[in-house]
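Take a look at this single chain in structure tokens; it is the form predicted alone.
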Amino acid sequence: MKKEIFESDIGESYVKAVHPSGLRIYILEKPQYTSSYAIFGTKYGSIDTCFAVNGEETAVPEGIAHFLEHKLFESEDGDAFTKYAATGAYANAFTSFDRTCYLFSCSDRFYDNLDILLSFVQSPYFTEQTVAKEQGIIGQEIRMYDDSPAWRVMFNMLMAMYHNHPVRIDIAGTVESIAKIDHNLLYRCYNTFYNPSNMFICIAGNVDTDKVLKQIEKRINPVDALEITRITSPEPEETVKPYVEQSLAVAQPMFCFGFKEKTENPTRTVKERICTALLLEIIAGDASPLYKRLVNEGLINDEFASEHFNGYGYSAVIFEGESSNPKRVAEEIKAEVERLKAEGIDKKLFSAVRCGMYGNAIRMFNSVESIAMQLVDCAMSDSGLFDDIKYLKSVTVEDVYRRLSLLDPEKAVLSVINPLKEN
């Protein structure tokens, strides 16, 4: 197994190993800690609804990646959660737009827990009966999310922003789409995307690297690597519509306001991510003039946040929160963006924001969960764990200013959830 060691000037180091199957393994030891965190993941998410292997194209129902995540915990010899309960570990899984991850954390019996993880993720068991049962369970989950204001405000915005890209579709799919899923489709998707060459294992905590690698090497099923081609329809630069609203049971209006970015390349570089994160703090972070003004005027509260929402073939800058006047907040954000374009970025604010982000990047290494999740990002983007720290040291105010040009007010979308009207 090929192995590399990466060291930093902050006293941390990690190992990246590549199994003969193509599986990538990332391990950061924390011998002084009592807990450990492990993730077994695949580059497979809700946006992967059309793909090709060896030139053969396949289109699958929306929500199948999430459905597969649910089903994988079951096996002929019992449920994986039951096995984890016996070891005292916490276990979970999640599916996002571009990845599916299975994880556990524990303070004892790490290698037993790792064995459970390696076993059930590589042992699919689907039947017509179990699939039919799960369709009912996930159907209820979908209907629950249909009534969730926080969920709907986001996906309403994505549907108003994207014409064709599958990021506009709910991660769990629809009741209609999951009804088309059968055990044969699940096996087809599993055998494609759960190939070790498309997967990764990320571990942080009180573990022994050599022991972990030997255990993984012994347990990974030998299969040939696959060349997977993701197929997406062309996405226009313009949005579908600039405004969308819905009424649900909320105390005051919720909003999600985003700028659709042009995506010439399917993925963002580390430098682009860092510059965008810095820009968001400069535009509307806690130390920004806009944030202080909006708070003082009672237009936002502690729920206000921003993020760089990006993945394969999609990218947007998003501001979200609660407000008595979401349209006014959106106009203030647009005005601040235009002001910064005209006047430039205050160098003192840039310096303060960069120092704050650098401190947060260092503090991340105090949490085994944060480290493991960051290693997942490294596996997804083929970047290094210390790249953020490196770029934060070298990034300039000019680098950040150039990212402003991507925030086009003509490509902005505001999604609002209003309170239900009283009869």
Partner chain sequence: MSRKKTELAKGVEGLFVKNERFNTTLISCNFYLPLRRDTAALYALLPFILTSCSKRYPDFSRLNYKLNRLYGARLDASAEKYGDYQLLKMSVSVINDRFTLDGESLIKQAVDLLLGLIFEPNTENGAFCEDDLAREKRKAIEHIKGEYSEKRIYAKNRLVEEMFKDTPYGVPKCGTVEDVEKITGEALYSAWQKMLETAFVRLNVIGAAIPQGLFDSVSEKFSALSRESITDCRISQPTPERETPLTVTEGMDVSQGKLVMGFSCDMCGNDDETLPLMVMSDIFGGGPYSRLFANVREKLSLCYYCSSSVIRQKGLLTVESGVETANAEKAKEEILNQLEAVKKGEFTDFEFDSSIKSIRDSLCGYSDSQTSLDTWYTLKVNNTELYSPTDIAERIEKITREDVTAAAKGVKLNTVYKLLPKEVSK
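Positions refer to the first chain, counted from 1. Values in this document were obtained by computation on a predicted structure and should not be read as measured data.
If you look for the form predicted together with its partner chain, you will not find it shown, but the lines that follow are about it.
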{"property": "Selected contact from Glu176, Glu238, Asp302, Glu338, since only one has a non-hydrogen atom within 4.5 angstroms of its partner chain in the predicted bound form", "result": "Asp302"}
{"property": "One residue of Gln215, Thr192, Ser288, Gln122 in contact with its partner chain, assessed in the predicted bound form (non-hydrogen atom, 4.5 angstroms)", "result": "Ser288"}
{"property": "Its partner chain in the predicted bound form: contacted by all of Leu114, Pro234 and Lys262, heavy atom 4.5 Å", "result": "no"}
{"property": "Contact test in the predicted bound form: Ser35 vs its partner chain, heavy atoms, 4.5 Å", "result": "yes"}
{"property": "Ile5, heavy atom within 4.5 angstroms of its partner chain in the predicted bound form", "result": "no"}
{"property": "Exercise: Gln135 in contact with its partner chain in the predicted bound form, heavy atom 4.5 Å", "result": "no"}
{"property": "Arg219 within 4.5 Å of its partner chain in the predicted bound form, heavy atoms", "result": "no"}
{"property": "Candidate stretches 183 to 191, 269 to 277, 246 to 254, 226 to 234 - the one whose heavy atoms come within 4.5 Å of its partner chain in the predicted bound form", "result": "246 to 254"}
{"property": "Residues in 57 to 88 with any heavy atom within 4.5 Å of its partner chain in the predicted bound form", "result": "Phe81, Thr82, Ala85, Ala86, Thr87, Gly88"}
